[in-house]
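Just one chain is shown here, as structure tokens, and it is the form predicted on its own.
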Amino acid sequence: MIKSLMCALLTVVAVQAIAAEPEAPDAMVKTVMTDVLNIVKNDKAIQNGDQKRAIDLVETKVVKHFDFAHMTALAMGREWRNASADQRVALANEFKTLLERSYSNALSQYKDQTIDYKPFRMQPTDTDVVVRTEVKQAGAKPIGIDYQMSKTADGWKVYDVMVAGVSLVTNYRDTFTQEIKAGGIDGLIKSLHAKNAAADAGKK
């Protein structure tokens, strides 16, 4: 399930709107999916497991368009209120790095998936929407991917992804809760940092 979540997330939102009005969320998702998947499809280095190149692509095309503070707050649940300002920054940064590394791993697993875009409707005043898609691959059951997005001062941002009905932030919430029970918020920060450091060391 985690791999499916990461594969879904890497395809989201890569091009920032430059017009006065933000690009419609469904149009943005379509643009980004096409852009990212085309890059991966034609990049032999990524397909051969070049993690540095994959991470560079993720950082350039994907990460800056996620609302990681919002995502981390949702993943933390009620414990977010108990975190200091410095702890919140550290948590969001470590969570961001964790997902970056997961995205880069997922990039090299792309095998000619296709995307089916579901009908999308929104009102002009809407500030929170869901863009629904379905990932199809030969020989496998289609996977429903729903992108929860909110309208911010910087345009539409993704703050959660539902894969086959499972929320990314909810998926992490149980783990975060257990880490906090064991070692407090600082313990969770140290745990995330250790996981990120181990992932980086494994790529050297």
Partner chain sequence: MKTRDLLIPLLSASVLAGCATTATTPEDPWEGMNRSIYAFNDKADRYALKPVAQGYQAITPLPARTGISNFFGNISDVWTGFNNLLQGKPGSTLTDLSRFAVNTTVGILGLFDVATEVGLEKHDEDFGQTLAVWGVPDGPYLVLPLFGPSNVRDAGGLVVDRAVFNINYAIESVPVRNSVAAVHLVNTRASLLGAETTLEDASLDSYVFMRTFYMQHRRSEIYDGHPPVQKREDDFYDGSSLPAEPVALLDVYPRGMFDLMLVSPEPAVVSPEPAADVQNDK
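Numbering follows the first chain given and starts at 1. This structure is a prediction, so every number in the text was calculated from the model and none was measured.
There is also a form predicted in complex with its partner chain; it is not shown, and the following applies to it.
Visitor: Is residue 131 one of the residues lying within 4.5 Å of its partner chain in the predicted bound form, judged by heavy atom distances?
Guide: Residue 131 lies outside the contact set for its partner chain.
Visitor: When the contact criterion is heavy atoms within 4.5 Å, does residue 151 count as touching its partner chain in the predicted bound form?
Guide: Contact with its partner chain, no.
Visitor: Is residue 43 close enough to touch its partner chain in the predicted bound form, meaning at least one heavy atom pair within 4.5 Å?
Guide: Looking in the predicted bound form, residue contacts with its partner chain do not include residue 43, since no heavy atom lies within 4.5 Å.
Visitor: Even though the partner isn't displayed, in the predicted bound form is residue 86 close enough to its partner chain, meaning a heavy atom within 4.5 Å?
Guide: Yes.
Visitor: Counting only non-hydrogen atoms and a 4.5 Å threshold, tell me whether 102, 165 and 179 all contact its partner chain in the predicted bound form.
Guide: Checked in the predicted bound form: all three residues contact its partner chain.
Visitor: Taking 4.5 Å between heavy atoms as the contact cutoff, choose which of 70, 30, 64, 53 touches its partner chain in the predicted bound form.
Guide: Filtering the options by heavy-atom distance leaves 70.
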